[in-house]
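Shown next as structure tokens: one chain only, the form predicted on its own.
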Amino acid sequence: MTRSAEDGLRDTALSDRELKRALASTWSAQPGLWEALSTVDHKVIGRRYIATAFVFLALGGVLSLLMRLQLAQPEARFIGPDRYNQIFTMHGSNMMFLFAVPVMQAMAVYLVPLMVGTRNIAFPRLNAFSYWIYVAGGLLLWIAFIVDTGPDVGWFAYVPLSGPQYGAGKRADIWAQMITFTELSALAVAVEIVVTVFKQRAPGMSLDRIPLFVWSMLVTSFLVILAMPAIMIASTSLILDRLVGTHFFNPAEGGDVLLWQHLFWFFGHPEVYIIFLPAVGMVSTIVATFTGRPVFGYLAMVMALVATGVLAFGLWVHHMFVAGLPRLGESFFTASSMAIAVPAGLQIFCWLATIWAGKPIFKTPFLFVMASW
């Protein structure tokens, strides 16, 4: 090799190292409080989401213990009726809106960009905004509870109990505003995940090659995008009834109390699968890892995830079977409630086939998955 060729290779190696050093400096977290608060690194934000969600989980656990102490014996005087109603509402709202959905989306924020081979999640500033708006909603709810203005109308806030006639004060307003904050956060994360999966995959990673966890989070994100606007519309209509004097849910002025139930449960039942589907992706990943082989029936697993997402929007009325709806309509939702068990069963059989064909390693994660079945 000539000296000029050697010099050229050396210069190329130096330029590559300089490029890598420059990229590392650009993408790494900078020191300082402001940099820590304004970071847009998906890994940092994902960890913060997870840590914050588990703080809310612990607080919700304390509330559940307080309720159980009150119910441990008849006629107990441990908690008064008003505070008990607040604790009951706070526990449900905290677990559903501040823990269950955020912690699942946090896993996607952290893992999906790594799994599809991109440096960061799509719209990283929107991702940072979604975290802070989520924190704002949680702080609003808990500060209101501390100052004895916590919501007391149940985590479902059924009207007319939560309406202006029976829900005096600002308690139901706090609940409705918290919903707006947390669901806006969830919608932002869902959009980021969809764009990341479709537009930022590594070269050569076609849709039939992405991990099953990524598929589960993609389907979950579409559920969020389609379901969350319903609860945001419901909470906005409620707060307008309370503060502006509209009559969306007032039958005396042409409103309908069942409209609230339809809007709420159109969100509320897909939310069950917004929580469930990420767990399915986690189980698929754990089973594949601890059996030493890919999950059996990749296409079947993907179709089961998609089918679950589609059927999830045909179930909400099974929460309303005592509301006096027509029996013919109820029969459709009964059939849908049974049909959604089919893709779930298919997933179980695929996992069993994977274990049967693999060489399972019985360590804690795998044992936990086996016990959960």
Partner chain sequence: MVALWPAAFACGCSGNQSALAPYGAPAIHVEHLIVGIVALCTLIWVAVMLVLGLALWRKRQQGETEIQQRRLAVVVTASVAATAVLIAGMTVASFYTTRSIGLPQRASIAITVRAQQWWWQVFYASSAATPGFQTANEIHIPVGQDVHVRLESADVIHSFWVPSLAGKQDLVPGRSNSLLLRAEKPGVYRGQCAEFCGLQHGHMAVMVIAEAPADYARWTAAQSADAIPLVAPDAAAGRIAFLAKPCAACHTIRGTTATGNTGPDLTHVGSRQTIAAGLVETTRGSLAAWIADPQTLKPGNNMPMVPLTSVELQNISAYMESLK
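Nothing here was measured: the structure is a model prediction, and the numbers come from that model. Numbering follows the first chain given and starts at 1.
The same protein also exists as the form predicted in complex with the partner chain; that form is not shown, yet it is the one meant from here on.
Site residues 160, 324 and 349 are all in contact with the partner chain in the predicted bound form, judged by any heavy atom within 4.5 Å. Residues placing heavy atoms within 4.5 Å of the partner chain in the predicted bound form fall in a single listed stretch, namely 85-93, out of 189-197, 85-93, 204-212, 224-232. Screening 142, 276, 123, 156 for any heavy atom within 4.5 Å of the partner chain in the predicted bound form leaves a single hit, 156. Of the residues given (170, 293, 247, 119), 293 alone sits with a heavy atom within 4.5 Å of the partner chain in the predicted bound form.
At a distance threshold of 4.5 angstroms between non-hydrogen atoms, residue 331 is in contact with the partner chain in the predicted bound form. Using a 4.5 angstroms threshold between heavy atoms, residue 359 counts as touching the partner chain in the predicted bound form. In the predicted bound form, the partner chain stays beyond 4.5 Å of every heavy atom belonging to residue 33. Although the partner is absent from this view, residue 373 contacts the partner chain in the predicted bound form, with a non-hydrogen atom inside 4.5 angstroms.
Scanning 111-145 for heavy atoms within 4.5 Å of the partner chain in the predicted bound form gives no residues at all.
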